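Here we start with a single chain on its own, the form predicted on its own, put down as structure tokens.
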Amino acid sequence: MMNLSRSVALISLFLLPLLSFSFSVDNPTDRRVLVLLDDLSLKSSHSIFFSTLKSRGFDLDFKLADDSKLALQRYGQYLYDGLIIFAPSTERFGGSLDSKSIADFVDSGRDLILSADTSASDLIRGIALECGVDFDEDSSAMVIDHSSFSLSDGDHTLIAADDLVKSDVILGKTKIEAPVLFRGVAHSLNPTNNLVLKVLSASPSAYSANPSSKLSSPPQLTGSAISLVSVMQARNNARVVISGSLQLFSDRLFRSGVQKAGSPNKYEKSGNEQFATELSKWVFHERGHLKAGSLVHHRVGETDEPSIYRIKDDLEFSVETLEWSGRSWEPYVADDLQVQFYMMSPYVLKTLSTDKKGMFHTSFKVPDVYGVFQFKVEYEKLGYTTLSLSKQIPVRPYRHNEYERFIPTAYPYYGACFTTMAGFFVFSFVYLYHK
């Protein structure tokens, strides 16, 4: 028994470093991803999507959603850095996995892809709701569009969607020319949640209803209020993709030709593969991931960082900012990065100039106010991770021996003083000695 305990302890010591290897700011890719499936046949029916992830260095661990050994953590460390849930009909996860543990997984800064369809369970809907996405309450409803459907199928539930978010960082710089095929359920976004964003929206003529029955009342979700695919970037920079269609990621729709109703353009291949690939690059931090170095500041003409500034000092400020390109860190180039010199409120707000090599810099004069200030860089831009850096520095007033001996603006008062003294001397002389 004693030997068994020692063996377990020894194995744990070897395992802990491996389990601790997870998402790193210095190396955002080459991560392990857990893929939960309703049926293992999805590995072959969605093989192209999974192959693109593997080709980019991701280690995919496929498991059934009801596997009794499911766990995201072991010994207090996360086993995975990303989670893909392609199990819309699952009523209950196996093992120790539940909606709370998935919420904690995202709260820890890790990423999630969640896909639903018409069979979406309350469990899947609840996870989406935690992320600010609300699926249509009618479990039999699908997105229907009589003017933006795919002519190749003729079914008005197979939507040819082309209303994409205008963001190169989320969907890549190469424009997605072909429409994206979508068959699934509609969702809306929580208006109070400013972290969630539509990536693929329905057309104004779309609505959500049961396609096999006549409408007895106006549908709740209509037009551009319907989101087909949405993303969320949490305040801790964890990223989430929520899709109302599992088929969107399937090999069949990846390879399918598409012609949108009312459009003369016919495409041999839909935009699904490009859309899913580019979106997966974003959600797994292969793009739009920023890293900033330490904040550097010093007086003009000096190189050493002082421990305190004096009011009206001229100073220089700089910070290095890099972007992950998928393989290496590259200089980040932008014209909207700002620094605040802050005490209760910003006394100085300056836009930083860049040398296009990743270094952002500016110079300014310390305000005529003393106290404890902060250099603050707060950067939020669509699709990019948030930067939040600060460094505290005190500012002192002039010492008694640092004031100017004679202030030029006071020369009139100096003159008036000496004139008064001279006048009094002349008056006294005349009064005393003149008869």
Partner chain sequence: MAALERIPPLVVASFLPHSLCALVIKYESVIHEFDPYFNYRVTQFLSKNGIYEFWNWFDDRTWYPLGRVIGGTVYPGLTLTAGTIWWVLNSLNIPLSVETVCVFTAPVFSAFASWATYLLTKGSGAGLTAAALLAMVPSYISRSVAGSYDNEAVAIFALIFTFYLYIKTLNTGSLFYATLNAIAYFYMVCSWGGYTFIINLIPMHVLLCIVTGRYSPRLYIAYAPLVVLGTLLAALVPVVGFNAVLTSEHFASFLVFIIIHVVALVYYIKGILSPKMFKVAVTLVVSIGLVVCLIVVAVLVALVASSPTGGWSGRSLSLLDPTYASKYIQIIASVSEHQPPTWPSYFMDINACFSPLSDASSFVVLYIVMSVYFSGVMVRLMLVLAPAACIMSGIALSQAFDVFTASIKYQLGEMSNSKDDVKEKISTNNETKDDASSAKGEKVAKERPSKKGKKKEREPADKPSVKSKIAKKKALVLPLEASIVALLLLIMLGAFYVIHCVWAAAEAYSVPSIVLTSQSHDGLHVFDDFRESYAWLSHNTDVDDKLASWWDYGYQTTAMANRTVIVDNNTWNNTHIATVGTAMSSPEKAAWEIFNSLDVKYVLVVFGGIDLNINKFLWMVRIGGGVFPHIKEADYLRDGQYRIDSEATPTILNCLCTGTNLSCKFVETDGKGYDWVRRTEIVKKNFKLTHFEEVFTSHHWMVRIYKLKPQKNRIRGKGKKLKLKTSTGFSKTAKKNPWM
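Since we're looking at a predicted model, the values are computed, not measured. Numbering follows the first chain given and starts at 1.
Keep in mind that the form predicted together with the partner chain is missing from the display, and what follows is about it.
In the predicted complex, no heavy atom of R252 sits within 4.5 Å of the partner chain. Mapping the unseen interface onto this chain, F62 falls outside it, with no heavy atom inside 4.5 Å of the partner chain in the predicted complex.
When the partner chain is considered in the predicted complex, Q392 lines it closely, a heavy atom lying within 4.5 Å. Interface membership of D335, defined by any non-hydrogen atom within 4.5 Å of the partner chain in the predicted complex, is ruled out. Annotation: in the predicted complex, residues K43, P88 and P346 none come within 4.5 Å of the partner chain through any heavy atom.
Stretch-level contact analysis of 158-166, 115-123, 142-150, 326-334 against the partner chain in the predicted complex, using heavy atoms and a 4.5 Å limit, identifies 115-123. Put simply, of L129, I176, V296, M359 only one has a heavy atom within 4.5 Å of the partner chain in the predicted complex, and it is L129. A heavy atom within 4.5 Å of the partner chain in the predicted complex is found for one listed residue only; from K100, R74, K266, K365, this is K100. Using a 4.5 Å cut-off on any heavy atom, the residues of 351-387 that reach the partner chain in the predicted complex are, in sequence order, Y370, G371, V372, Q374.
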